[in-house]
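A lone chain, given as structure tokens: the form predicted alone.
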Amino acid sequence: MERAHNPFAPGAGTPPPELAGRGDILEQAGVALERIKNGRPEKSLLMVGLRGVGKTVLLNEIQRLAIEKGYKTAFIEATENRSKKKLPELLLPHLRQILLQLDAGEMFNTYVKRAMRVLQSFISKFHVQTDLFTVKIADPEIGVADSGDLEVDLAQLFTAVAEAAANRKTGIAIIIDELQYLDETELSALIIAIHHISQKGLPLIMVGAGLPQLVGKAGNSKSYAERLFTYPDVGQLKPEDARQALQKPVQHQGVEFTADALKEIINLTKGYPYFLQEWGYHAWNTAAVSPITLADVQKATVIALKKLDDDFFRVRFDRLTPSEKRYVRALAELGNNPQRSGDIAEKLGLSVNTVAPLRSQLIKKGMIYSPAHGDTAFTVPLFEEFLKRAMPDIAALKG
């Protein structure tokens, strides 16, 4: 079939042609946005899920909903390499832009002027290095957001910005992807800031996303985080939703999948959205005519697996040290369910204490997480199958 008309879109954060199975999460976000903008109490959202389940897609959709409701928004992605940009440097350009939007041609009303001064205090104290702030934007607000304590100062900054938004009868949505990469102090500061905002009933919401370890990390930072946020679980799609994600886009092009073809793709991908897009994309390109058959999908599977191995999986695998590669290969050998740390150590022929630093480093890299105390699982779906293809020699585990 014509490749230029292929409706599928495999890619990092690329919106799928059919956003299936996420209606409940989007409805929850829409209600929270509406309530917070109208001064009613509501929890912020922290979405959690494995790689490839569409968390970034949902964040983008929630940002679109927020803009439709009149919110000023900031979309931020935390980075694994924390030496590049710390949280203040990630936030400040967006907060400055929001305040300029709140100005609305008045050359700053009283609330915006004060928020600008508080922003300048924060900038000066944390020595933010960015071209946006080479020119002083306001005189600092002495005694506010200038203590040098991020947990104190960020709460005061968010409060000033949210008060400016309330005065302009609008709301602010701070949207942050890859939250698990924030360090303990940064995450704690965000939680405290949202707590203060919530207590004051100000129109600011945080919508974040991260790997499953985010829930425990937030709870460890501040015990009240459980009551401050809701944690929608973004997982694999139910079979009926997976079928919709595949069938609807091709039907718009006058094409169909056969029932056997759909069943095969859903079985191979386990319903994970990124993989559904990958298989759908290659199945379309493989098929000569409609309907797309089981034979087409089987041919597409060879191409899809090679593409995933070369790109999606390989880029993560190549970041690991030899010892880390042996650790994850041992985890893969034990199966696709969460495994006990002691069993992994035994497979490697090492003690639990010896492999503990490896486990910790892999968690920091976002490769594995602990779904329960002492358990270990991959954050990347189907990664265990890739590892068996990439490292078939089991004997090398104890090398």
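All of these numbers come straight from a predicted model, not from anything done at the bench. Just count from 1 along the sequence shown to find any residue number.
As for the form predicted in complex with a small molecule, it is not shown, yet the points below apply to it.
- Residue contact check for Y274: one or more of its heavy atoms lie within 4.5 Å of the small molecule in the predicted complex.
- The closest heavy atom approach of M391 to the small molecule in the predicted complex falls outside 4.5 Å.
- Contact annotation: T56 falls within 4.5 Å of the small molecule in the predicted complex, judged by heavy atom distances.
- Though the partner is left out of this view, L50 does reach within 4.5 Å of the small molecule in the predicted complex, counting heavy atoms only.
- Scanning A78, L102, L92, A245 against the small molecule in the predicted complex with a 4.5 Å heavy atom cut-off leaves one residue, A245.
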